[in-house]
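Presented as structure tokens, the chain that follows is alone, the form predicted alone.
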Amino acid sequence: MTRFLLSALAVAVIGTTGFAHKVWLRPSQTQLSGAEPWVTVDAAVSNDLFYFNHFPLGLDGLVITAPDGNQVEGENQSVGKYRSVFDVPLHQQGTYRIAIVNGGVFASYEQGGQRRRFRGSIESLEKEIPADATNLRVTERLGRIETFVTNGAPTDEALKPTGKGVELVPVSHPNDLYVGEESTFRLLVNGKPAKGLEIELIRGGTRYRDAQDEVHLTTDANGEFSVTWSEPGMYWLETSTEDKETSVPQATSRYLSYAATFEVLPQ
């Protein structure tokens, strides 16, 4: 399976509440200090959170924003059987936003009495849908998978929203999360606060307990939600929504998804 298809699969599985597979980025740690520390980031689609047992996550859409707002490259990129991996040297002081951003389309159509499906890039849509296709239905997709890492004191420059799709902006900083404290985040859709987004939040280590122990939250009129952390560890957050603000002429709807990994530390 190609990297693109794996990325598309990742977009597909986000937002399917209750779906067994989850897509994630997991940094080796999120808060560091020093002249030039490094982090290693795993990227995968798995049944159990942060455990490699299904597919690697494609790195074609990797976007790393440094504390000064400029983009930097992930080093030592590799795609293996069950996970992808890359390193990020933290040359600057402050917070890095590490994301995989995927766009594309899903389509269904009929040809010769048979129902068929297409998944691919926007550019390949017209080339691969046959001319005699009927009942064509196209959905544009935009997904963001991300995590955050800070060298020294947390900063906000890298966390500025792009205005595209679902994005999280900090009310509480994502690298300042501690057990027993309440954290608040705001979710935007196309740069505007999104009311009524349904969120699923799960602590990692699901392989070693009988229940997912997921928490369900909903954004308020300001696009905000709050959570009080009960245990330390890596947490996975997911949400999704749909609208009709498509950029693909053939598409009649757009599916937007978002997933993020946070680390909560003990007091």
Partner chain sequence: MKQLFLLALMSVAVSSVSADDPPPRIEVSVNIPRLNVSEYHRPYVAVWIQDKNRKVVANLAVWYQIRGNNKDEGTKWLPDLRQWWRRSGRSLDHPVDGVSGATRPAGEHTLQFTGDEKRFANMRRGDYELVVEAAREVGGREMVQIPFSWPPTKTSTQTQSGETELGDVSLTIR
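Residue numbers count along the first chain shown, from 1. As the structure is a prediction and not an experimental result, all values here were calculated from the model.
Another form, the form predicted together with its partner chain, is not on view; read the next lines as being about it.
With a 4.5 Å cutoff on heavy atoms, residue 217 does not count as touching its partner chain in the model of the complex; it lies far away. Not displayed here, its partner chain is kept clear of residue 221 by more than 4.5 Å at the level of heavy atoms in the model of the complex. Using a 4.5 angstroms threshold between heavy atoms, residue 153 counts as touching its partner chain in the model of the complex. When its partner chain is considered in the model of the complex, residue 32 lines it closely, a heavy atom lying within 4.5 Å. Residues of just one listed stretch (200 to 208, 53 to 61, 222 to 230, 34 to 42) have heavy atoms within 4.5 Å of its partner chain in the model of the complex: 34 to 42. In terms of contact with its partner chain in the model of the complex, the residue from 157, 176, 87, 110 that brings a heavy atom within 4.5 Å is 176.
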